[in-house]
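Next up: a single chain in structure tokens, the form predicted alone.
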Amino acid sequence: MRTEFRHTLLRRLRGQIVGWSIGLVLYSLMLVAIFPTVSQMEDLERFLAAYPEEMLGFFEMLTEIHTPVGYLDTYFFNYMPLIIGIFVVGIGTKLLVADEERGVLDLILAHPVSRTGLYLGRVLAFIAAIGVILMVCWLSWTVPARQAGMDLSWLAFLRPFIPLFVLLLCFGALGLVLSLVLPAARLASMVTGALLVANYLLRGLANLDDRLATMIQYTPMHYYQGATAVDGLNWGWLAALGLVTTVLIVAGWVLFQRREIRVGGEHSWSLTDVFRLLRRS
């Protein structure tokens, strides 16, 4: 398992980690540099009055952009589930099935490595990759923050990254499970990405339509605090999201244990596959 962990983290995901970290650091540093201008903006009320009421409702903290928390939420943590979610969904859906579609997974399993060791090694490397990227982002905010007038402690900056980490891991685990259920990794990536975007839009629209408030309670992003976690974590929400993520990871392990490894190539839906899934359910 340790060998697979090191290989996945340092060889397979190294380029993505470096690339995404550089891009997000540049984005974060740009936002930090702009904050003094936004915080000292005159006639803020007139500026906000130019926005439609629907936009002010969709982005809850937009009216507080002159404060560190409102600025962080509006320009960073509001978008990170989608931006980093692209990386997470893409890697999660290809974590195991991509090798199967290339026809090498059966060769890997021919070596003295158990399916559990392979699964845990890659999943833990995936978790570590997300953690490294978010840690780099946290440092890119924390280090220059005081010079930009953002009077928040390093712990206050760290808190919002915790629910973001768990949320991203949740969608990554969902993509992993779907990749083991659907015929192809790219189909699983498309479905998971669509669910991520739909959940993001539904979360914002629920602020505008009370009829959506009940529906949003059954989605992962309902339990995402964003930058409001600066003032304290909602441990109940974090535990609920963590529980769902753990269930998905365990479900992926069970599916991988029972999986009949293909020699190579993608599959498409067939009546045989449908009947087989119905019998299993």
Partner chain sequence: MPAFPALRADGLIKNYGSVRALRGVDLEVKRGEIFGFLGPNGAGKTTTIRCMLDLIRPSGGLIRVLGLDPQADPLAVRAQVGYLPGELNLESNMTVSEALSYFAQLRGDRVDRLYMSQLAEHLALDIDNSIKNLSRGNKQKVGLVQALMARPHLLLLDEPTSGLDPLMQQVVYRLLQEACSNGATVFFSSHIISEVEAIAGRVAIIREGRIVQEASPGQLVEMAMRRVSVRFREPVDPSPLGRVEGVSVLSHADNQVKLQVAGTMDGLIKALALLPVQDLETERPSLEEIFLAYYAGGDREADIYAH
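Residue numbers count along the first chain shown, from 1. None of the values given here were measured: they were computed from a predicted structure.
We do not show the form predicted together with the partner chain, though everything after this point is about it.
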* With heavy atoms only and a cut-off of 4.5 Å, decide whether R186 touches the partner chain in the predicted complex. => no
* Asked: Might L205 be said to contact the partner chain in the predicted complex, defining contact as any heavy atom within 4.5 Å?
  -> no
* May I ask you to state whether V18 is within 4.5 Å of the partner chain in the predicted complex, using heavy atom distances? => no
* Would H111 count as a contact of the partner chain in the predicted complex, using a 4.5 angstroms cut-off between non-hydrogen atoms? -> yes
* Asked: Going by heavy atoms within 4.5 Å, which of 137 to 145, 103 to 111, 172 to 180, 192 to 200 lines up against the partner chain in the predicted complex?
  -> 103 to 111
* **Sequence-ordered list of residues in 1 to 26 near the partner chain in the predicted complex, where near means a heavy atom within 4.5 Å** => T3, E4, R6, H7, R11, R12
